[in-house]
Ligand SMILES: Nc1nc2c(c(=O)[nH]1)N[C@H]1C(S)=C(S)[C@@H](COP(=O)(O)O)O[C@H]1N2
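Listed next as structure tokens is one chain, alone, in the form predicted on its own.
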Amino acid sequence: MTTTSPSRGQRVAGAFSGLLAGGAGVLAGEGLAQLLDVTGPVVAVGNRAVDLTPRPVKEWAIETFGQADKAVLLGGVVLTLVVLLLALGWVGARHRAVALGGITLLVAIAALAMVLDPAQGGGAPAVAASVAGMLVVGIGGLAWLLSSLLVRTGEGAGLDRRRFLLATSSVAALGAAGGATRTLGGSTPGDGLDLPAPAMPAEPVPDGVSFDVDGLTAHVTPTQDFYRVDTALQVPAVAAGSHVLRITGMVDEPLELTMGDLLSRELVERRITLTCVSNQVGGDLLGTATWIGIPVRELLAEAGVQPGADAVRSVSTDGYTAGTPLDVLTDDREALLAVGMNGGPLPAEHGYPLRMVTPGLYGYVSATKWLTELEVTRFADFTAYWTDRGYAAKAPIKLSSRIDVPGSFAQLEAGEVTVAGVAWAQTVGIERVQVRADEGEWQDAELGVEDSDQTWRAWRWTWSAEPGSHRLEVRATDRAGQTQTSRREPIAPDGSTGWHSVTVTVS
């Protein structure tokens, strides 16, 4: 009696079995992870991929995919898993042990990623339960499915259709149950937080702060349009009722403050522009919001900062860390621990229930979301997430300007054309914006009324456009007399530079 090779149909059924069993195992693990409040296997693997990805690849992903980079990464993880499971199932039609060993290895990789994930909330038993779900459904399901595809000896080999159908439906049902639990389970961040009215509301937006120009950026960015760049593939589900902020390190009196403690203080409201260091020249990774929060300097003064400290290390609930100069958090720019955004509690994706908002510094050193700890320390004694990846420890936002209207490659008609955009020089203020066409003489643009030196400033210029292809450029000058450099620099290690330009066609 000899063993015959599986038919093509059995190979295809095997590939389907690998995908079905592996997918059901992942969904079972995800469902249990949701119920037990731990990071699921897909996000855990994705998080480790983010940590291990070289900096140039991260920068390319943000530049290429923008705020969709996380979805692209998770899609890549899922696609890789699909290919591997199909391959294992194909091989398993003849070599069941190889397929079972391969899927066991995949579960082990996912388990290791889950154990190493800093955002785990349920502890080792919960992680073990999720991994057990993957093992039972994934490996058990694949073994059951492949057993109906075993090549038999003797007169021939065939597919046990009844057994295969029973195994398929059973494994699919287990996967569907896990998927339903993953989709329907979990908490809803933002519910139940009663945000008091600020004791010091922001001044009304000045008349004339912007211009009535189609396409010009709004002075205050709607919450749903505010950019999001962070390292969290899955937005942390943080319960405000149990959330605690710790102020530790080189302080006389360490503090532990609940959200109730923070909300009982006098809240202030400020309009502040935030900018991501990944913002390319002319990019849209910045926005202005009305923030409500507690001045950081008040909390640090209460804790009593000790001599020799020059930095504050902030920690997020997902393990992210940042380092901020101490003097920036204690000067008159009034950095905030924000609890509200544009009139309501912080949305989950923007740091609910607590985040940092620091005018004048790029977000990677100053705007930690889902904030759990402020450690007063010294730059010489620690490194943070992005400084470990080659970015500068101190990152003041660079003087910049942008053309919003017209857009690149716009088709325009000859005559009077309005060119408009925004410029920013936080904590200093914009004094002048100039525009030119085709490298001609610089022309002064009209400035909108300044809101404050912590927000961007609108500008517009009327251009007498003539037929042809033209290149428009913009540059800004701040109140300290510094004019924006034309030198092009990449976003690493401390922010891009250069004049923004657009090319248009006039007919």
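In this text, residue numbers run from 1 along the sequence as written. Predicted, not measured: the structure shown is a model, and the values here were computed from it.
Omitted here: the form predicted in complex with the ligand. The next part is about that form.
At the 4.5 Å threshold, heavy atoms of Arg265 stay clear of the ligand in the predicted complex, well away from it. Taking the partner from the other structure, the ligand in the predicted complex has a heavy atom within 4.5 Å of a heavy atom of Arg228. In the predicted complex, the ligand sits beyond 4.5 Å of every heavy atom of Arg333.
Mapping the unseen interface onto this chain, Lys369 counts among the residues with a heavy atom inside 4.5 Å of the ligand in the predicted complex. Although the partner is absent from the chain shown here, Cys276, Arg355 and Gly363 each have a heavy atom within 4.5 Å of the ligand in the predicted complex. Heavy atoms within 4.5 Å of the ligand in the predicted complex are found in one stretch of 355 to 363, 376 to 384, 432 to 440, 407 to 415, which is 355 to 363. His350 is the sole member of Arg297, Lys398, Arg96, His350 with a non-hydrogen atom lying within 4.5 angstroms of the ligand in the predicted complex. Among the residues Gln426, Ser316, Thr324, Ser130, the one placing a heavy atom within 4.5 Å of the ligand in the predicted complex is Ser316.
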